[in-house]
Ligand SMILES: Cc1cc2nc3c(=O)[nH]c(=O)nc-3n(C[C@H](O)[C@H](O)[C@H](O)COP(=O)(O)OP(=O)(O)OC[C@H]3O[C@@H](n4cnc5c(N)ncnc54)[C@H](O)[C@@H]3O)c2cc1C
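Given as structure tokens, the chain that follows is alone and in the form predicted on its own.
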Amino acid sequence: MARDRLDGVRDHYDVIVIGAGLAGMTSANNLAKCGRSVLLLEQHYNFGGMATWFRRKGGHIFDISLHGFPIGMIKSCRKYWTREIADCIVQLKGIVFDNPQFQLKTPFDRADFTRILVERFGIAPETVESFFDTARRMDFYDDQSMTTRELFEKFFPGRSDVVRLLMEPITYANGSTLDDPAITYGIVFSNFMSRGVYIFQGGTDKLIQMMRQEMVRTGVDLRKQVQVERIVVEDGRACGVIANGRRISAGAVLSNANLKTTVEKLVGPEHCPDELLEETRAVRLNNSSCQVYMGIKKGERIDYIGDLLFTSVSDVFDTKAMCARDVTSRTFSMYYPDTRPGSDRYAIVSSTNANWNDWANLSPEDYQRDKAHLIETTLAALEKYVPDIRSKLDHVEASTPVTFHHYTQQMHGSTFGTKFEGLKVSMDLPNHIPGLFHAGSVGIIMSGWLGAINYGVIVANELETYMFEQARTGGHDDTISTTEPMRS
């Protein structure tokens, strides 16, 4: 008989959290610290959402999205998780750019980027400082009409090389384009462009294990391989879920699923005000990714060539070309033994931005053929940096947007969530359906892991305020406050 994944689950909790991505786990942990009874339901066999990993024969461990995040991750993990987690975050020192316009290596911090822009690109120091200061001051309430393209044209007119240097890593990180609002670029860029790029030493598996242990300590009821089929809405309020066919009630529900999935599928149009449905349907999904995972034979080694390699054969920076199935631009994440202290193993993960429609409707034969082509062209590109890479490998496989959709259930395999307009819908959700909150990957918080953790804290605070007001008024107050969004 199949194992009952809900064995021992109570009939009622203060809060049910749907999805164990970093935002969902952070929300659950913080609400449990406030004394709330919390049930966390995850459909996958791992916690972590996109912050996950998998193992293969031969001792290989591959991280899905470990490289890298801003220094603010240290403070957020120390404050909202544990000092032990924060102490495992270390800096990556070698960020490499290699494309037809320039080749350089940098620690990816403001001081070095300033030096590069002034000395190598010939930009006036006052222009560079003004650009960095402008990006740093941007927040959610700024003018949203200026595009990133217009921002660059204002400071660096006609300089496609400068645009590439400043924009390409952010596009890899969150799928943004030059036509998205400038504030979505400015906030994410200024987070990274502080004191470099960081990684969790020990791997994603160690991080999620430490987070799981902390949630057990705070009293979160953790359940995986549980499919939430429905968010229960009665009298206009969210009051529980249907999961694995069982109804579980709650004082409030927090969804860490995709925003559109949360509203259109889990809640359902019949329970949504027309305004909410209209706004949700207008939200655009961001693009997805392909990855190639390369495992190095035990006993083989790779000379240090950098930690992150932003490579491209495209003459100029082009976000549409970066997503095309005919790949011209890749990020190589290099995993040396010190990524997992005590290990002597090396691994390389290649990441490319991708479009769902290029992969979703292929025949099984064409899908396997195109995956094989992706692997072969990736190995050919990597030979420039590791000439004997093929002889060093004993495992290689690829993932596509279809793979991400299968494992995460994200609509269209959207590894970067929604476009910027999704943030307002996410924040306003409890005003349309009291008791329902959302902390998925949306718009302005697309600075990866840091944004997810911080948004999880913001939403947990909102939910705690709602619960407090419900207790104070006996459940008759339909209004909640809206906290100003944290700079992720």
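One-based numbering along the sequence shown. Computed from a predicted model, the values in this text were never measured in an experiment.
This protein has a second form, the form predicted together with the ligand, left out of what is shown; the following refers to that one.
When contacts are judged by a 4.5 Å heavy atom cut-off, Phe156 does not count as touching the ligand in the predicted bound form. With a 4.5 Å cutoff on heavy atoms, Tyr346 does not count as touching the ligand in the predicted bound form; it lies far away.
Contact check for Ser441: a non-hydrogen atom falls within 4.5 Å of the ligand in the predicted bound form. For Gly68, a non-hydrogen atom is located within 4.5 Å of the ligand in the predicted bound form, even though that partner is not displayed. Only one of Tyr407, Phe310, Phe113, Tyr385 comes within 4.5 Å of the ligand in the predicted bound form through a heavy atom, and that residue is Tyr407.
This chain is displayed alone, yet in the predicted bound form one of Val402, Val226, Ile302, Cys88 has a heavy atom within 4.5 Å of the ligand; that residue is Val226. Heavy atoms of every residue among Ala20, Ala23 and Ala51 are located within 4.5 Å of the ligand in the predicted bound form. Note on the interface: of 287-295, 273-281, 374-382, 246-254, the segment with non-hydrogen atoms within 4.5 angstroms of the ligand in the predicted bound form is 287-295.
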